[in-house]
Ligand SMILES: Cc1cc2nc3c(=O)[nH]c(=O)nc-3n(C[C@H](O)[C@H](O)[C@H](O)COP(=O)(O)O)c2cc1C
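Okay, so here's just one chain, in structure tokens, the form predicted on its own.
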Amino acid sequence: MRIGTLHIRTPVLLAPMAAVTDLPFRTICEEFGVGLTITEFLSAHALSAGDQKTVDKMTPSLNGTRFGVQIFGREDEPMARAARMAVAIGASLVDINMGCPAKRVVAGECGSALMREPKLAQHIVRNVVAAVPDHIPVTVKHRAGWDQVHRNAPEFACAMVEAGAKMITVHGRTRTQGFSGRSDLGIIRRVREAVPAGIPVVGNGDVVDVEGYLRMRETTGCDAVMIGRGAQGNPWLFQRLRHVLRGTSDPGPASLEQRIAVFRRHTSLILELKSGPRLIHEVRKACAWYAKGLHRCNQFRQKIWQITDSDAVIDAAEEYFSHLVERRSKNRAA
């Protein structure tokens, strides 16, 4: 897939998610073969004002790996400044969030609220395009529409392309749905049919496995798929997709040993790259991700949320996984 001059070998992207797609998680997904990662969505106003917590989240990928930065806002100068900041740290593209349904974002008339103001949304795209070098594509992520009555995704997408967007990502839910119900593949198909050839359309919503990815591509005709919640604690999904897309056999779900290895890699990256009072929360969250669906995972999650030291949380996770390995060995012996 090509986004302007940017070539993406594997047509699967990691969705920008607040408090999720930090540098450690993005690194894990990159190591498993995702086509491109994008930072957490970041407030242009906070970035341009120099808010350190927000600036610290605008992190380049390790080892020169290409990455995108997603920003949100509605004011010219903050959006332009934030886009230039993204380019300055090496971003390969700048994505504009016009799909976030969060109340605090919509209350500021940003995110999915912009789908009710297509003329302003076009102005924002033109402003950001003018702020970055020609070789840096500006892209837009939006929803099916504001609500079931106003499902204007096809028209909105075309307007964004007319303003200079080089890729459109569509989440198949409306703003009022939030993350409830099902992502509508039909509206994504309509966007693909409406947007001019040569501009990639990326489908987003409810893809958690290989079958969901293939269904999204086949049903909508989209050029790539963006995966969000389905990748949490499941980065090997990208490895599986890479094999399938190359015509080789699907290696299947992760083994217990693979889970343990990735848990160790992920938590080591957290300890290496993060600090501050939220460190313990990030470690707990990662441990819970890799335990999800396993024997007594709920009890394990409750236990680690009572522990207040990061190393102790990791020790508890090691003990938990060790018990699972022993349990499996006993069951096989029996």
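Throughout, we count residues from 1 along the sequence that is shown. Quick caveat, the model's predicted, so the values are computed rather than measured.
Quick note: we don't show the form predicted together with this ligand, though the next part is all about it.
Of the stretches 127 to 135, 203 to 211, 113 to 121, 78 to 86, only 203 to 211 has residues with a heavy atom within 4.5 Å of this ligand in the model of the complex. Only one of the listed residues (290, 41, 300, 67) places a non-hydrogen atom within 4.5 angstroms of this ligand in the model of the complex, and that residue is 41. Of the residues given (313, 12, 15, 23), 15 alone sits with a heavy atom within 4.5 Å of this ligand in the model of the complex. Proximity of residue 164 to this ligand in the model of the complex falls outside the 4.5 Å heavy atom cutoff. Contact between residue 160 and this ligand in the model of the complex is not found at the 4.5 Å heavy atom cutoff. Not displayed here, this ligand is approached by residue 227 to within 4.5 Å at the level of heavy atoms in the model of the complex. Contact check for residue 97: a heavy atom falls within 4.5 Å of this ligand in the model of the complex.
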